[in-house]
Structures are given as structure tokens and as C-alpha cells.
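Below you will find one chain, with nothing else, as C-alpha cells; this is the form predicted alone, and questions on how it binds or moves follow later.
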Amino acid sequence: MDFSFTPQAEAFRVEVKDFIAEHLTPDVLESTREGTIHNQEFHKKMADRGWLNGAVPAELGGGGRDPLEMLVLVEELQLAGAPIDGMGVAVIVAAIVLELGNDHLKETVVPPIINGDALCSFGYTEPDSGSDVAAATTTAVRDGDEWTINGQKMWTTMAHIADYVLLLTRTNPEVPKHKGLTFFIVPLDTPGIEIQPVHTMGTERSNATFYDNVRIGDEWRIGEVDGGWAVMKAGLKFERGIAGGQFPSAMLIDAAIAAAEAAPREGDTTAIDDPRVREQIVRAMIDLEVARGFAYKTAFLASQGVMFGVDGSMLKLFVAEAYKKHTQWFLEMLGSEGLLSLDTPGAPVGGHIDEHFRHAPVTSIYGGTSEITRNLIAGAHLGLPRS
């Protein structure tokens, strides 16, 4: 098996690394400490390079960079700890609109998003239904050429800095739940929208958003009325297309090695001299290589025009669960000192182990919980029946 990348992809990797070295400054990294994993200046510079447009398929009017190149981009940005939440959402929303949207949305929403001048957020999850997005109860009622929206969404990450929300609504309560859904792209400055912060244990800020008699025109609808499930599936397709590189454990392992080399043990030894610690570090490295193998496979399939389907779910599940396991190992290695939070005086490696430990559970929730993902794999890959 040949795991090497094409010369074009490797040349692009050099370009990305040079970009990171120049633009991922300490100030950019520091800006994300406030809980929002986005830096507008850094985001705009990526857009100016054409990287947001490049992730959109050429057949939809985008730059159509090879999926292997997009994997290289995401991999290098993640390995460097760059803030890329805005990039992921921008590419997915732009691609959905270009495939399923009307002329108004294509002309109004796509250009500023691809140019890095506007941001979008996802409005899927609700307080009472969690990952069961088809159980949405936020309603959209038609009144001529307008719609009135009422309801609430949770985990509307970046809504407080975004210009739009891709909003899932219930338009028909009389049919099976997944058949009565409709999507809208709603400008977040529309009257009747309230955004409240939700701070997580991972030190990130998300939001709860409330919609009180929000009125928008039908031109903001995307897809058919009651056809929201098709929009949802398109979103998953594009999400898998750009999110193949998921390597959160890479920076954690680097921090763990540095911490183990400094953590004192009996005599003149440190934690790195403990065979159990060394084994856990090596096992984490092996898991990271497995994740890379998963990601490279999905990117290769995409480059061949193959829709890889459940492979993306398998990658997401493996990465999230391995990451949680690794953070548990390395926190236990440090003992009580490992609980010292980021930048606390005396915290091992500046508190980064605790930062990873707090963040890891989130990765097994967003984009579908591990439980939901296991169900998808059981049905689509293993062919197991529904209970």
C-alpha cells in the first residue's frame, strides 16, 4: 500500500506550513482563549488564499481543490492548533446553498461567506431532543410570501459573531418527523432573535438562541418545503468531505511527553521512566496513526469520486473515543497537579493537559453523539437490524 501523497498535495502542504508560520501568531492563538475558536483576521487570510472556495466542489461553482489537498490543509491547521471552526461551517453552508439554494441565497449569502467577510452558524439541536435532530419542534408557519418562526436552539456555536444561522424548523407536524422539516438561512440581525451565551466545561462558548415571532421572506428558505431531510443529508456529505483530518490527540501527545519528562518520581526519575507511562504514550501514537489512516482513506475515496458514507462516521467515532481515553491516561499520570487549569502558576505544561481533558468529551457530542454514531455504523456497515 502506498500512503504517499501526490507531488501537488505535498507542494500544497509546504504552502500551508509557510502560511501557518507567518500568520498563526501568539496573538491569534491567545484570541481563542476567550472561548470562541475563531479569529476573524486569520480566517480572512485563509479566504484570501482561496482556501474556503477551494473546498467547495468545482461542479457547484467552487474552486474544487482535490480532497487530498483539503485533507492536507485541515491536518496541518489542526496539528498547529489553528482556529478553524469558522472555516468548516463556511464551506459546508456555501456548498449546501450552491447545490440546493435559490438565486437569492446564492447571490446574497455565498460570496461574503466564501470571501471570509461573513460567518454562519448551525441551528439544528434543541434542548429536548439533542442529537435526534429530526425531533425538532421549532416551528415555521407560512403566511403568504413570509414565514413566522418560533422556538429555541441549543449549541448554536459562533452565533454571537455570525451573520447567519442555518436553521432547521418544523413545517408539518402531521407527517413522520423527518418528513416535516424545512431549512432556512436566517440573518441573525432579524428582529425577534435573542442569543444567550452557554459556557462549557471545555472553556468554549456556545449559545442558546431564541426565536420569537421571527418573520422572514420565502427567499430565505433553502430546499423544498418539508424537504429539510435532503438538506441535512447534503450537509453531512459536505461535512465529511472537508473534515477528514481529525487529529486532536497530536498536540495532546506532545504536551504529555513534555509533562512526563518533567514530572518527578521516586529517586532521580521522572514519569517518562515509568514503563506504563511509556506504553500509554506509544499506544496514543498508534491510535493517532490509525486516525490518519482512516482520514487518508476517506480523502482518497473522495478524490476518486466515491461517496465514502459510513467511513466518515467510523473516523469520527474512533477519533473522539481515543481522544477521551488519551486525556484520561495523561491526567492520571500527573495526579492532582494535572487538574491545574490553563495558565495557572505551577500547572504542568501550562495546564494544557487539563485543557484537553475538559475539551475531549465535547468531541464525542458535536456532529452526532458517539451513541448515535455507533447506531449509524451498526446499521450501515454491519447490517444490524433496528431494535
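Just count from 1 along the sequence shown to find any residue number. All values reported here derive from a predicted model rather than from experimental measurement.
A second form of this protein, the form predicted together with a small molecule, is not displayed here; the remarks below concern that form.
- Within this chain, Thr169 is remote from the site of the small molecule in the model of the complex, having no heavy atom within 4.5 Å.
- Although the partner is absent here, Trp220 sits far enough away that none of its heavy atoms falls within 4.5 Å of the small molecule in the model of the complex.
- The small molecule is not shown here, but in the model of the complex it comes within 4.5 Å of a heavy atom of Gly123.
- Proximity of Ile372 to the small molecule in the model of the complex: non-hydrogen atoms within 4.5 Å are present.
- With the partner left out here, the small molecule still marks one of 181-189, 266-274, 152-160, 298-306 in the model of the complex; by a 4.5 Å heavy atom cut-off that stretch is 152-160.
- Between the options Asn115, Thr108, Thr137, Thr200, the residue in contact with the small molecule in the model of the complex by a heavy atom within 4.5 angstroms is Thr200.
- With the partner omitted here, the residue from Gly130, Gly88, Gly81, Gly227 that has a non-hydrogen atom within 4.5 angstroms of the small molecule in the model of the complex is Gly130.
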